[in-house]
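What follows is one chain in structure tokens, specifically the form predicted on its own.
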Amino acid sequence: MSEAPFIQINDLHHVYLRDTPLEITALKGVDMEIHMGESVGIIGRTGSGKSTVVQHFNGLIRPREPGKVLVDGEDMSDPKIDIKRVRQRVGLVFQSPQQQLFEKLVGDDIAYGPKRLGMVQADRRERVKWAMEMVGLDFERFKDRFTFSLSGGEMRKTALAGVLALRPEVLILDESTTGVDPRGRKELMARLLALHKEHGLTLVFVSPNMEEVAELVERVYVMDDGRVVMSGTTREVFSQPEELFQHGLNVPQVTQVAHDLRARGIGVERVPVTVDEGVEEIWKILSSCETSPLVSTYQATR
């Protein structure tokens, strides 16, 4: 992780429809840092300000209220900033894929960004093919499909491929796996993890799915009522289920099981946040003593 954050937010405020009867204060002094090469989760109940804050990351919303947003040291409130370049480096995939799809054919939609960058046709084709492969869309099968004939999950993958085709340094996913079938979502998560680990892609993941957050990110910000109310490593945050519950959130199911076992006096050495960690902890307990409380409970229920 680099010393200076690539994205830095200090005391950021944002008000929608200011000075109207519909005025809504969305952000109330948010501080965040995103370093290159890391994966960060932003979680919170509906209306907590998650989408508003990530739209500041690439200038879809420019800071006009008190506060500062810096991207690679550049002030996003500066009217002279090269916003096109920022959006090439920081890609954002929306909750609703329809907001990002506009070309008639899937291949043309994914190629739009590279075409705007001036890439020649042969290079664009290879970039589109790579991006579609990354999200699990077969190039020959989907490149000539009508964009709005796709299923919801296929639209999400197409929108993601269109952003990946720009080869961003930071990829923001704003609940972008919602609507993808479980198998497709698992495959997509694996591909994103590979991009993060093998190619150094920085990930910012906004999701209501705690299991996905636990699998994908190293650090978490928790938002509520326009503020950051908790932050830390994924394990640190999910080790505080009572506090998360106060903010309308839960922990991953395997983490909750571990907390319940501890409450029953069963010694869970390390609270797991992923299923693989949970399996490992359970086997430790089972193998430590044949007469452990867990084994006795299991045998009594048979």
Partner chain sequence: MSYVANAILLLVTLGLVLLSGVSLKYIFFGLKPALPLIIVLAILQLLFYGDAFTPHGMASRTYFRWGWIHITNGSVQLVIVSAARFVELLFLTSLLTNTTTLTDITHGIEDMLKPFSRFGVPANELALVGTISLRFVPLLGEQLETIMKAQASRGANVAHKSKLEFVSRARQVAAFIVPLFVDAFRRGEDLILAMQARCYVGGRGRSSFVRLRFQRMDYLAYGVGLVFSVLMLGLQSYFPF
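Whichever C-alpha set is largest while still superposing within 1.5 Å between the two forms counts as the rigid core. Quick caveat: nothing in here was measured; it's all calculated off a predicted structure. Positions refer to the first chain, counted from 1.
Note that the form predicted together with the partner chain isn't included here; everything after this is about it.
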property: One stretch from 225-233, 70-78, 190-198, 94-102 that, in the predicted complex, holds residues within 4.5 Å of the partner chain by heavy atom; result: 94-102
property: One residue of L137, L166, L171, V217 in contact with the partner chain, assessed in the predicted complex (non-hydrogen atom, 4.5 angstroms); result: L166
property: Residue contact check: S39 to the partner chain in the predicted complex, 4.5 Å heavy atom; result: no
property: The partner chain contact in the predicted complex: M119, any heavy atom under 4.5 Å; result: no
property: In the predicted complex, Y112 touching the partner chain (heavy atom, 4.5 Å); result: yes
property: The partner chain contact at M155 in the predicted complex, heavy atom, 4.5 Å; result: yes
property: Residues from 83-97 in contact with the partner chain (non-hydrogen atom within 4.5 Å) in the predicted complex; result: I83, K84, R87, L92, F94
property: Yes/no, G152 Cα shift of 2 Å or more between the shown form and the other one with rigid core fixed; result: yes
property: Displaced residue check between the shown form and the other one: G73, CA, 2 Å or over, core reference; result: no
